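As a starting point, one isolated chain is supplied in structure tokens, in the form predicted alone.
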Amino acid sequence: MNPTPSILDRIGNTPLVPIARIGAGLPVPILGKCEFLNPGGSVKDRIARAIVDDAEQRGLLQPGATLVEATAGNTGVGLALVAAIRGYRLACVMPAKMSADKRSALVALGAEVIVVDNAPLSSPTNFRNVARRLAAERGWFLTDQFAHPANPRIHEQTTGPEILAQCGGKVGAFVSGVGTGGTITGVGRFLKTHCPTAKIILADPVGSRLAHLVNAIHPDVDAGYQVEGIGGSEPPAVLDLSVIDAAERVTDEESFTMTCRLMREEGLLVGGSSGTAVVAALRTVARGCDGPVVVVLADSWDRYLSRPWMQQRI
């Protein structure tokens, strides 16, 4: 027998699979990076382990410490796995808009879940500001995914090299949404160095301002939308806009319709932001692309089963 030391050692090295039926007849393939197959069901497992590893290496965590994070849910699940194995407690601050499925999962994993009103970053009741305040008041360790340099660094060190190797050294474009910005920044930096012809494309929900910040041709709007975990009114601290070549704005309806197509036509059990990214990938191919288009399939369907958009389509 040769068992894995822990489930954390199964984070990363996710498969890259063709999105064959939806992409049939296209001049270049669309390939899905299956981050939903990480142990915690999302791309955020990578940064959860990286941030805790960094804190431990710098002696910032005492045995039994409490971690606190502002999360849409996925980073919380990743941190819950790390906390369980490493002996920490975890508190997750979530905006009210996030699904009940995510809250239930975090509670089942032993996390304390603190739900706050949906509020802009300028408000003291914004989930990120509440997490920072609780860390200061209670002596909890703020994992700080939106600003921690370990976030983009782990994608530059692992996700980017995995993608380039899986594509045989040639990537036409890389497409991703932005939650914290770590994935698109880290992968973008790696590809700009090792495959400089690759285009880095932001897949942004209609209602988010980030596409406008990439290119002012897009409207400067800050409105509500239903897709979870991506987009925003202001760029997170770790997001490097300079690595992004273009942005595609995608509506909720387009995102959710594509998500259900990915499940039913490709057997890919993914969440709404994956639909956003695949719509953007199809547009990227239509605009012309020299090589395969890699798209991040960020998380799993199981955290959205109760959402109206899912219920209406099953």
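Numbering starts at 1 and runs along the sequence shown. As the structure is a computational prediction, the values presented were derived from the model and not from experiment.
Although it is not shown, the form predicted together with a small molecule is what the next lines describe.
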*Identify, from the list 281, 48, 270, 43, the residue with a heavy atom within 4.5 Å of the small molecule in the model of the complex.*
43
*State the residue from 200, 230, 93, 80 whose non-hydrogen atoms include one within 4.5 Å of the small molecule in the model of the complex.*
230
*Which single stretch, out of 192-200, 159-167, 174-182, 131-139, brings residue heavy atoms within 4.5 Å of the small molecule in the model of the complex?*
174-182
*asked:* Given that the small molecule is not shown alongside this chain, does residue 143 nevertheless sit within 4.5 Å of it in the model of the complex, heavy atom to heavy atom?
replied: no
*Consider residue 71 of the chain shown here, and say whether it contacts the small molecule in the model of the complex, taking contact as heavy atoms within 4.5 Å.*
no
*Taking the shortest heavy atom distance, is residue 298 within 4.5 Å of the small molecule in the model of the complex?*
yes
